[in-house]
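This document starts with one chain, in the form predicted alone, laid out as structure tokens.
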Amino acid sequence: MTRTLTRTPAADGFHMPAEYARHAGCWLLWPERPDNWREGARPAQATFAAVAAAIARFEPVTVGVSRGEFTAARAMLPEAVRVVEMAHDDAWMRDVGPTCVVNARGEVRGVDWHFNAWGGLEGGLYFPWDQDELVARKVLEIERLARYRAPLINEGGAIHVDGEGTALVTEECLLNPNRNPTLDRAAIEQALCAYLGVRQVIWLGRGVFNDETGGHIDNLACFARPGLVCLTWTDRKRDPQFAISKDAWERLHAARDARGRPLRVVRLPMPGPLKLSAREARGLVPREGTKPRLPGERLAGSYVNFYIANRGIVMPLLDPRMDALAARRLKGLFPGRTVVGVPAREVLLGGGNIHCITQQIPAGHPSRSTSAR
């Protein structure tokens, strides 16, 4: 049994490491709901399997699969990928899985945020979400990692850190009253410092245009290394994304990280604009309580939504006109890692991308206190 701890990670000397720190492995969930994944989720499942295979080139991968889909998933996934039975509501492991923290001795623990499907009954994307609310705890049980239960509704895609005390977030997401209406900016920042072990929170404004998560940072910007941020960008001034990215660019250049350093910002080109086609929309089965997907809707495509693996980068391929340029930029940013592209439109159709469906477990070892009752 994994122990639930009563203090905070910061109080215990733990912090969230950067994604580019070494991993013990990566977790995903298996998509299946027909109201969010077209054609019975079969095209999405093929894409998830390809993402899992790409990551498995660099580090161990585990996929949580419902009982009804276990046999099919096991057949589709590479033999090296571990498959475990795990109930869930949808397949966004970044947001429903644990955010892991480490200390100077290499011990690993996990933060279990409260989850309300990106907005609860006031703008959330589906109902119910009770099984998703249990996923982080289940992962920590399997990994035998001690658990902090954070008193904050938050998602893993809403936070990004440099591993040296700095966090990136957006106001659009974390200050949205459909998350934590009783907490103001200062209280949310205090909670982030306590549960991520950071000292500096850099607030950007809005996330990627029409991002249904409410503006997650992981679709807009991320750290490539301390002091260096990747930012999604378009030069099209009439595109609504231009003003969003320009504002983020200005805020990043005005900011300093936890060590007092200015930030260097590298622009990643934005794909598209991409839209949901009528054929794709017809493949969905509408259900009460789920956000409808309509033909012509703009999709929140972004190359920033990549996964940093051990010695590798797994990036989404979204637009033949921009894929190669984005890959070259990422190779320049991560010279010691192999960049692997996976066609990922099917993930985008569901509302996110490769970073959204993955969650890393940092390298290290379980805290010695995890066995205590």
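The model shown is predicted, which means the values in this text are computed figures rather than measured ones. From 1 onward, residues are counted along the sequence shown.
Unshown form predicted in complex with ligand KQY; subsequent notes refer to it.
No residue in the set Thr8, Pro98 and Arg147 has a non-hydrogen atom no more than 4.5 Å from ligand KQY in the predicted complex. This chain lacks the partner; the member of Arg94, His88, His160, Arg109 within 4.5 angstroms of ligand KQY in the predicted complex by a non-hydrogen atom is Arg94.
Distance criterion of 4.5 Å from any heavy atom to ligand KQY in the predicted complex singles out Glu212 from the list Glu280, Glu212, Glu143, Asp257.
A residue is said to contact a partner when one of its heavy atoms sits within 4.5 Å of a partner heavy atom; Val265 fails this definition for ligand KQY in the predicted complex, lying far away. By the criterion of a heavy atom within 4.5 Å, Phe223 is excluded from the residues contacting ligand KQY in the predicted complex. Taking the partner from elsewhere, Leu183 is found to have every heavy atom lying beyond 4.5 Å of ligand KQY in the predicted complex. Not displayed here, ligand KQY is kept clear of Pro362 by more than 4.5 Å at the level of heavy atoms in the predicted complex. In plain terms, the part of the chain that comes close to ligand KQY in the predicted complex, with a heavy atom within 4.5 Å, is 118 to 126 out of 185 to 193, 118 to 126, 280 to 288, 267 to 275. Contacts to ligand KQY in the predicted complex (heavy atom within 4.5 Å) from stretch 332 to 356: Gly350, Gly351, Gly352, Cys356.
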